[in-house]
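Only one chain is included here, represented as structure tokens and corresponding to the form predicted alone.
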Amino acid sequence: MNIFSATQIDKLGFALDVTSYKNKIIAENIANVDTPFYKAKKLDFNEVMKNAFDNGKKLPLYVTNPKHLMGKNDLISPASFVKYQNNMSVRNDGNDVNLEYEMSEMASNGILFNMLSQITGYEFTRLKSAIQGR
């Protein structure tokens, strides 16, 4: 039995990975705000977490190159849930990035990341206390 799988640490670690990946997607959208014909992307944190942990449903790991390592088979890749934002208005240059929307998404994603980091730290503190017998 893996001591880390007995706790919520593995799930919290995955959630931190998802928020980190979502931040990357948002940063790409912001970086391409002036790129003609760029289509904004999005990643729904709740959808990824639900598919990762509900009903034991597991999806294959997303790989883009046959030389990639397969990693842990029990987790999914957030990259497979990235979609285009189809509900944004498109400017004359074909770009549909809304800078205010992306900044608010980045702020809320940052708050979620900080909350998950604090909970993970608390779980490690509990684990340390259990090991030390306090």
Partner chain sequence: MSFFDVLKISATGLSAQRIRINVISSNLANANTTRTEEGGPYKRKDIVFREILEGELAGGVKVEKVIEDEKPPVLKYEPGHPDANEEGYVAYPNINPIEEMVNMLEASRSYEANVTVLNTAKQLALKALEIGRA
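These numbers come from a predicted model, not from an experiment. Numbering follows the first chain given and starts at 1.
Separately, the form predicted in complex with its partner chain exists; it is not shown, and the next lines address it.
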Selected contact from Met106, Val97, Leu43, Ile76, since only one has a non-hydrogen atom within 4.5 angstroms of its partner chain in the model of the complex: Met106
Three-residue site Asp10, Phe81 and Asn86 fully in contact with its partner chain in the model of the complex at 4.5 Å by heavy atom: no
Any non-hydrogen atom of Phe14 within 4.5 angstroms of its partner chain in the model of the complex: no
Heavy atom of Glu47 within 4.5 Å of its partner chain in the model of the complex: no
Contact of Asp34 with its partner chain in the model of the complex (heavy atom, 4.5 Å): yes
Heavy atom of Lys24 within 4.5 Å of its partner chain in the model of the complex: yes
Members of 109-124 lying within 4.5 angstroms of its partner chain, judged by heavy atom, in the model of the complex: Gly110, Phe113, Asn114, Ser117, Gln118, Thr120, Gly121, Phe124
